[in-house]
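Read the single chain below, which is given as structure tokens and is the form predicted on its own.
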């Protein structure tokens, strides 16, 4: 087992972490706009400017209200996504530094992604709208399919490093990155990130057939915060993949913290690019795939990792 060598920095550095998260969110939004513009035949400049245009439009928009809405829980659900993403990156080592060096950092990240279940459902339920409520239940149905495979995908690096500390997991990849001999866990992990970000094929909770589902009644700054939260969750998931599967801050020439940013941005761009590449996953079908295909596959991956870990100890 390798020991973590990361240094815990002061709480003030959390601002740096939030700035980096914000830059990754902006990168994802701009690239998503470019990809969307190319698919629709629009100009590249218009696609790149789309996040700014859409943000300005939403800030000018009048805030919509619904009859008998639970405004507190409604906005807590939408705004909570941004907070959850910030708490996720708190345990991601930036090279040799980290904001929160928990012995159970992997469990912390997993707990945060489960928190998204409640936040998405509250967003749909709080508006007191049929479409929003259906969207919320759609997300819960989908979550039943991805959560267990995601959890066991996170178990594989922990077994290999013999630790639940994220810094220790990154340090254990001095020789070979875990993605090389844990490809199934890595793919399932990325699928889970896309799912808890309500992204690409895992966005039936926002389906046009239910008028936007969870986000049907969101408008103005509420809609802006909600969409920003989805991008932030995607960015946080991409950042967490770096210490878990991609060797953390290891790499030639560049300092460790910069390698973490480069690797996180690369994973994020792959997730953004994949948004329009796959058909939407029906919750009932995806639950079958998740339990009958993904879960057994990732359990076999865990077993192989455990055998290698025991053999090498």
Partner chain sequence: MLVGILFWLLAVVAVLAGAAVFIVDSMARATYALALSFVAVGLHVLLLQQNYVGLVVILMMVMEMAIMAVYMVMFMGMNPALMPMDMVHGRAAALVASIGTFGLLAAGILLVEWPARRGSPAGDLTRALGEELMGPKMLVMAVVSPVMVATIVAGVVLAAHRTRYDRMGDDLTGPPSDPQPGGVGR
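Nothing here was measured: the structure is a model prediction, and the numbers come from that model. Numbering follows the first chain given and starts at 1.
Only in words, not in the display: the form predicted together with the partner chain, which the text now covers.
Tell me, please, which stretch of 180 to 188, 193 to 201, 114 to 122, 223 to 231 lies within 4.5 angstroms of the partner chain in the predicted complex when heavy atoms are compared? So the stretch in question is 114 to 122.
Looking in the predicted complex, is the partner chain within 4.5 Å of a heavy atom from each of 174, 257 and 273? The answer is no; none of 174, 257 and 273 reaches the partner chain.
Is residue 285 near the partner chain? Define near as a heavy atom within 4.5 Å, in the predicted complex. Residue-level check for residue 285: yes, a contact with the partner chain.
With the cut-off set at 4.5 Å between non-hydrogen atoms, does residue 147 touch the partner chain in the predicted complex? Heavy-atom contact with the partner chain at 4.5 Å: present for residue 147.
My question is simply whether residue 211 lines the interface with the partner chain in the predicted complex - judged by any non-hydrogen atom within 4.5 Å. No, residue 211 stays farther than 4.5 Å from the partner chain in the predicted complex.
Using the partner position in the predicted complex, report whether residue 162 sits within 4.5 Å of the partner chain, counting heavy atoms only. Residue 162: no, not in contact with the partner chain in the predicted complex.
Residue among 155, 134, 83, 104 with a heavy atom within 4.5 Å of the partner chain in the predicted complex: Comparing distances to the partner chain in the predicted complex, the residue within 4.5 Å is 104.
Which residue, 11, 303, 292, 16, has a heavy atom that falls within 4.5 Å of the partner chain in the predicted complex? That would be 292.
Heavy atom within 4.5 Å of the partner chain in the predicted complex: which residues of 64 to 95 qualify? In sequence order, 70, 72, 73 come within 4.5 Å of the partner.
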